[in-house]
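Below you'll find only one chain, the form predicted alone, shown as C-alpha coordinates.
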(Lines give C-alpha, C1' and ligand atoms only; values in the text may rest on other atoms or scores of the structure.)
Protein backbone atom coordinates (compact mmCIF):
# COMPACT_ATOMS: atom_id res chain seq x y z
CA UNK A 1 0.00 0.00 0.00
CA UNK A 2 1.73 3.18 -1.20
CA UNK A 3 0.34 5.57 1.42
CA UNK A 4 0.76 3.17 4.32
CA UNK A 5 -1.69 2.45 7.10
CA UNK A 6 -3.14 4.49 9.92
CA UNK A 7 -2.96 2.02 12.81
CA UNK A 8 -4.83 2.90 15.99
CA UNK A 9 -4.14 0.70 19.01
CA UNK A 10 -6.60 0.74 21.91
CA UNK A 11 -4.81 -0.19 25.12
CA UNK A 12 -5.57 0.49 28.76
CA UNK A 13 -3.45 0.12 31.87
CA UNK A 14 -3.92 -2.49 34.58
CA UNK A 15 -2.37 -3.23 38.00
CA UNK A 16 0.77 -5.34 37.92
CA UNK A 17 -0.47 -8.97 38.00
CA UNK A 18 1.95 -9.80 40.84
CA UNK A 19 -0.03 -7.55 43.17
CA UNK A 20 -2.82 -8.74 45.46
CA UNK A 21 -6.07 -7.10 44.38
CA UNK A 22 -8.86 -6.53 46.87
CA UNK A 23 -12.22 -5.04 45.82
CA UNK A 24 -13.66 -2.30 48.05
CA UNK A 25 -16.81 -0.19 47.87
CA UNK A 26 -16.28 3.55 48.18
CA UNK A 27 -18.22 6.77 47.62
CA UNK A 28 -17.77 6.47 43.84
CA UNK A 29 -18.72 2.80 43.74
CA UNK A 30 -16.62 -0.34 43.47
CA UNK A 31 -12.87 -0.15 43.01
CA UNK A 32 -9.64 -1.74 44.14
CA UNK A 33 -8.13 -1.17 47.56
CA UNK A 34 -5.25 1.34 47.32
CA UNK A 35 -5.67 1.36 43.55
CA UNK A 36 -3.64 4.53 43.03
CA UNK A 37 -0.77 3.00 44.99
CA UNK A 38 -0.60 -0.19 42.91
CA UNK A 39 2.11 -0.33 40.25
CA UNK A 40 0.56 -0.38 36.79
CA UNK A 41 1.50 -1.85 33.41
CA UNK A 42 0.09 -1.73 29.90
CA UNK A 43 -2.57 -4.41 29.53
CA UNK A 44 -0.72 -7.54 28.29
CA UNK A 45 -3.10 -8.15 25.37
CA UNK A 46 -2.84 -4.50 24.35
CA UNK A 47 0.94 -4.76 24.55
CA UNK A 48 0.94 -7.52 21.95
CA UNK A 49 -1.32 -5.39 19.76
CA UNK A 50 1.05 -2.42 20.06
CA UNK A 51 4.15 -4.44 19.19
CA UNK A 52 2.41 -5.99 16.19
CA UNK A 53 1.26 -2.53 15.06
CA UNK A 54 4.79 -1.13 15.28
CA UNK A 55 6.15 -4.09 13.32
CA UNK A 56 3.50 -3.67 10.60
CA UNK A 57 4.20 0.08 10.40
CA UNK A 58 7.87 -0.66 9.72
CA UNK A 59 6.94 -3.03 6.90
CA UNK A 60 4.52 -0.60 5.22
CA UNK A 61 6.13 2.71 4.29
CA UNK A 62 4.14 5.80 5.24
CA UNK A 63 2.33 4.11 8.14
CA UNK A 64 1.75 5.67 11.54
CA UNK A 65 0.72 4.25 14.91
CA UNK A 66 -1.46 5.91 17.54
CA UNK A 67 -2.01 4.49 21.04
CA UNK A 68 -5.38 5.44 22.57
CA UNK A 69 -5.16 4.73 26.29
CA UNK A 70 -7.69 5.31 29.06
CA UNK A 71 -6.65 5.64 32.70
CA UNK A 72 -5.71 8.11 35.47
CA UNK A 73 -3.20 10.62 34.09
CA UNK A 74 -0.66 9.98 36.83
CA UNK A 75 -0.72 6.24 36.15
CA UNK A 76 -0.59 6.73 32.38
CA UNK A 77 2.53 8.84 32.77
CA UNK A 78 4.15 6.16 34.93
CA UNK A 79 3.41 3.39 32.41
CA UNK A 80 4.36 5.44 29.34
CA UNK A 81 7.85 6.02 30.73
CA UNK A 82 8.45 2.32 30.02
CA UNK A 83 6.17 1.65 27.05
CA UNK A 84 7.51 4.63 25.10
CA UNK A 85 10.87 2.86 24.78
CA UNK A 86 9.34 -0.23 23.15
CA UNK A 87 7.73 1.13 19.99
CA UNK A 88 7.14 4.37 18.13
CA UNK A 89 3.64 5.81 18.53
CA UNK A 90 1.65 8.95 19.20
CA UNK A 91 -0.35 8.88 22.44
CA UNK A 92 -3.98 9.91 22.78
CA UNK A 93 -4.81 9.93 26.48
CA UNK A 94 -8.20 9.78 28.18
CA UNK A 95 -8.36 10.59 31.88
CA UNK A 96 -10.69 8.02 33.47
CA UNK A 97 -10.72 5.24 36.07
CA UNK A 98 -8.62 2.23 35.09
CA UNK A 99 -10.55 -0.42 37.00
CA UNK A 100 -12.76 -3.02 35.42
CA UNK A 101 -16.00 -1.92 37.13
CA UNK A 102 -17.41 -0.33 33.98
CA UNK A 103 -19.61 -1.21 31.02
CA UNK A 104 -17.92 -2.19 27.76
CA UNK A 105 -20.33 0.02 25.82
CA UNK A 106 -19.37 3.16 27.76
CA UNK A 107 -15.66 2.49 27.38
CA UNK A 108 -16.05 1.76 23.66
CA UNK A 109 -18.03 4.97 23.10
CA UNK A 110 -15.27 7.07 24.69
CA UNK A 111 -12.57 5.29 22.67
CA UNK A 112 -14.49 5.67 19.40
CA UNK A 113 -15.02 9.38 20.03
CA UNK A 114 -11.30 9.88 20.68
CA UNK A 115 -10.40 8.00 17.50
CA UNK A 116 -12.87 10.02 15.42
CA UNK A 117 -11.16 13.19 16.68
CA UNK A 118 -7.69 12.21 15.40
CA UNK A 119 -6.63 15.00 12.99
CA UNK A 120 -6.43 13.81 9.40
CA UNK A 121 -7.92 10.39 10.13
CA UNK A 122 -8.52 8.51 6.86
CA UNK A 123 -10.80 5.53 7.45
CA UNK A 124 -9.87 4.06 4.09
CA UNK A 125 -6.38 3.46 5.59
CA UNK A 126 -7.52 2.65 9.14
CA UNK A 127 -6.51 -0.52 10.97
CA UNK A 128 -7.86 -0.84 14.51
CA UNK A 129 -5.76 -2.94 16.87
CA UNK A 130 -6.55 -3.97 20.43
CA UNK A 131 -6.50 -6.86 22.84
CA UNK A 132 -8.73 -9.84 22.20
CA UNK A 133 -9.24 -9.91 25.96
CA UNK A 134 -8.27 -7.57 28.79
CA UNK A 135 -6.84 -7.91 32.26
CA UNK A 136 -9.30 -5.31 33.55
CA UNK A 137 -12.16 -4.71 31.09
CA UNK A 138 -12.29 -8.33 29.98
CA UNK A 139 -15.83 -8.33 28.62
CA UNK A 140 -14.49 -9.42 25.23
CA UNK A 141 -16.81 -6.91 23.58
CA UNK A 142 -15.08 -3.53 23.87
CA UNK A 143 -13.09 -3.66 20.64
CA UNK A 144 -16.05 -5.06 18.72
CA UNK A 145 -18.23 -2.14 19.82
CA UNK A 146 -15.48 0.37 18.96
CA UNK A 147 -15.38 -1.04 15.45
CA UNK A 148 -19.15 -0.94 15.06
CA UNK A 149 -19.28 2.69 16.18
CA UNK A 150 -16.61 3.60 13.64
CA UNK A 151 -18.32 1.66 10.86
CA UNK A 152 -15.60 -1.00 10.65
CA UNK A 153 -17.38 -4.26 9.83
CA UNK A 154 -14.39 -6.46 8.90
CA UNK A 155 -13.41 -7.69 12.35
CA UNK A 156 -11.11 -10.51 13.46
CA UNK A 157 -10.72 -11.72 17.06
CA UNK A 158 -8.05 -13.92 18.61
CA UNK A 159 -5.51 -12.92 15.97
CA UNK A 160 -2.01 -14.38 16.17
CA UNK A 161 -0.63 -13.46 12.76
CA UNK A 162 -1.25 -10.74 10.17
CA UNK A 163 0.69 -10.58 6.91
CA UNK A 164 0.54 -8.22 3.94
CA UNK A 165 0.35 -9.92 0.54
CA UNK A 166 0.47 -8.67 -3.03
CA UNK A 167 -2.01 -5.91 -3.75
CA UNK A 168 -2.32 -4.98 -0.07
CA UNK A 169 -4.38 -8.07 0.79
CA UNK A 170 -4.25 -8.85 4.53
CA UNK A 171 -4.02 -12.51 5.52
CA UNK A 172 -5.18 -13.23 9.09
CA UNK A 173 -4.79 -16.24 11.37
CA UNK A 174 -7.45 -16.36 14.13
CA UNK A 175 -7.46 -18.83 17.00
CA UNK A 176 -10.26 -21.38 17.06
CA UNK A 177 -10.91 -24.38 19.29
CA UNK A 178 -8.59 -27.36 19.41
CA UNK A 179 -5.39 -25.39 18.88
CA UNK A 180 -6.27 -24.71 15.25
CA UNK A 181 -6.44 -21.50 13.24
CA UNK A 182 -9.00 -20.01 10.92
CA UNK A 183 -7.31 -18.39 7.94
CA UNK A 184 -9.01 -15.37 6.36
CA UNK A 185 -8.18 -12.66 3.89
CA UNK A 186 -9.44 -9.11 3.63
CA UNK A 187 -8.78 -6.85 0.67
CA UNK A 188 -7.50 -4.05 2.90
CA UNK A 189 -8.55 -1.42 5.43
CA UNK A 190 -10.65 -0.51 7.23
CA UNK A 191 -10.44 -3.57 9.48
CA UNK A 192 -10.27 -4.42 13.17
CA UNK A 193 -7.97 -6.96 14.80
CA UNK A 194 -8.33 -8.20 18.38
CA UNK A 195 -4.92 -9.66 19.17
CA UNK A 196 -4.14 -12.73 21.23
CA UNK A 197 -0.41 -13.19 21.91
CA UNK A 198 0.78 -12.69 18.37
CA UNK A 199 4.17 -14.00 17.26
CA UNK A 200 6.50 -11.20 18.33
CA UNK A 201 8.53 -11.04 21.56
CA UNK A 202 8.50 -7.91 23.69
CA UNK A 203 10.84 -5.41 22.02
CA UNK A 204 13.98 -4.33 23.89
CA UNK A 205 14.13 -0.85 25.35
CA UNK A 206 15.33 1.78 22.91
CA UNK A 207 16.16 5.08 24.66
CA UNK A 208 16.15 7.00 21.38
CA UNK A 209 12.62 5.83 20.57
CA UNK A 210 11.62 6.66 24.14
CA UNK A 211 12.96 10.21 23.91
CA UNK A 212 11.16 10.79 20.60
CA UNK A 213 7.90 9.42 22.00
CA UNK A 214 8.06 11.38 25.26
CA UNK A 215 8.16 14.67 23.33
CA UNK A 216 4.57 13.89 22.33
CA UNK A 217 3.50 11.87 25.39
CA UNK A 218 3.78 14.68 27.92
CA UNK A 219 1.70 17.20 25.91
CA UNK A 220 -0.86 14.44 25.23
CA UNK A 221 -1.18 13.75 28.96
CA UNK A 222 -1.63 17.46 29.69
CA UNK A 223 -4.48 17.57 27.12
CA UNK A 224 -6.05 14.30 28.31
CA UNK A 225 -9.83 14.58 28.06
CA UNK A 226 -11.69 13.69 31.30
CA UNK A 227 -14.15 10.86 30.78
CA UNK A 228 -16.96 10.03 33.18
CA UNK A 229 -17.82 6.32 33.12
CA UNK A 230 -21.06 5.21 34.74
CA UNK A 231 -20.71 2.19 37.00
CA UNK A 232 -23.29 -0.56 36.75
CA UNK A 233 -24.93 -1.84 39.93
CA UNK A 234 -23.16 -4.82 41.49
CA UNK A 235 -24.89 -6.95 44.11
CA UNK A 236 -21.54 -8.05 45.51
CA UNK A 237 -17.90 -8.26 44.48
CA UNK A 238 -15.38 -10.72 45.89
CA UNK A 239 -12.16 -12.49 44.98
CA UNK A 240 -12.42 -16.07 43.66
CA UNK A 241 -12.30 -18.62 46.47
CA UNK A 242 -9.29 -20.90 46.65
CA UNK A 243 -9.79 -24.45 47.83
CA UNK A 244 -7.25 -27.21 48.13
CA UNK A 245 -7.76 -30.72 49.48
CA UNK A 246 -4.69 -32.95 49.71
CA UNK A 247 -4.33 -36.56 50.84
CA UNK A 248 -1.11 -38.56 50.89
CA UNK A 249 -1.64 -42.25 50.12
CA UNK A 250 0.67 -45.15 49.27
CA UNK A 251 0.39 -48.32 47.23
CA UNK A 252 -2.94 -47.35 45.64
CA UNK A 253 -3.66 -48.93 42.24
CA UNK A 254 -3.92 -46.56 39.28
CA UNK A 255 -7.47 -47.76 38.58
CA UNK A 256 -8.55 -46.83 42.11
CA UNK A 257 -7.00 -43.37 41.80
CA UNK A 258 -8.72 -42.78 38.45
CA UNK A 259 -12.07 -44.00 39.82
CA UNK A 260 -11.78 -41.65 42.81
CA UNK A 261 -10.99 -38.69 40.57
CA UNK A 262 -14.02 -39.43 38.38
CA UNK A 263 -16.26 -39.76 41.45
CA UNK A 264 -14.93 -36.45 42.80
CA UNK A 265 -15.64 -34.68 39.49
CA UNK A 266 -19.15 -36.16 39.25
CA UNK A 267 -19.88 -35.04 42.80
Partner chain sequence: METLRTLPGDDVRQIMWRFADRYDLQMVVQTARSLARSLVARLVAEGARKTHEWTEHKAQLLSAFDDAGLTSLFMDPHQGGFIEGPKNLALALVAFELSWVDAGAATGSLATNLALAPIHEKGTPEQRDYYMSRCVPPAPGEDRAILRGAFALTEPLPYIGVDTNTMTGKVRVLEWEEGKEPVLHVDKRGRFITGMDFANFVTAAVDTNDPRIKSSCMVILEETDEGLFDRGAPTLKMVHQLSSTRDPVLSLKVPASRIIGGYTVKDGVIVPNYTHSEIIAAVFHRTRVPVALMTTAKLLSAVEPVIRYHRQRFRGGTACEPESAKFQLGLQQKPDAVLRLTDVWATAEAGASLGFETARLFDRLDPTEKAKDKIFAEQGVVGAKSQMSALRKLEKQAIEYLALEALPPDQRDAGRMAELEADTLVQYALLESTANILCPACKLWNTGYGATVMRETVALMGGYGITEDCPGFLFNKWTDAQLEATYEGPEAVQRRHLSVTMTNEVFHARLRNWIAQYEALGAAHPETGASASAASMKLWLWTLEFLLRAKDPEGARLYHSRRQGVTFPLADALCWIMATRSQIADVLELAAKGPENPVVAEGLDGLVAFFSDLAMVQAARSAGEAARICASLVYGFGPQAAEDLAAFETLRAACDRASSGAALAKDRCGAALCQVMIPEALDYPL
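Numbering follows the first chain given and starts at 1. Remember, predicted model here, so these are calculated numbers, not experimental data.
Heads up, the form predicted together with its partner chain isn't pictured, but that's what we're talking about next.
Look at 156-164, 140-148, 181-189, 77-85: in the predicted complex, residues with non-hydrogen atoms within 4.5 angstroms of its partner chain sit in 77-85. Candidate site formed by 34, 208 and 250: every one of these residues places a non-hydrogen atom within 4.5 angstroms of its partner chain in the predicted complex. With the partner omitted here, the residue from 214, 60, 229, 220 that has a non-hydrogen atom within 4.5 angstroms of its partner chain in the predicted complex is 214. At the 4.5 Å threshold, heavy atoms of residue 18 reach its partner chain in the predicted complex.
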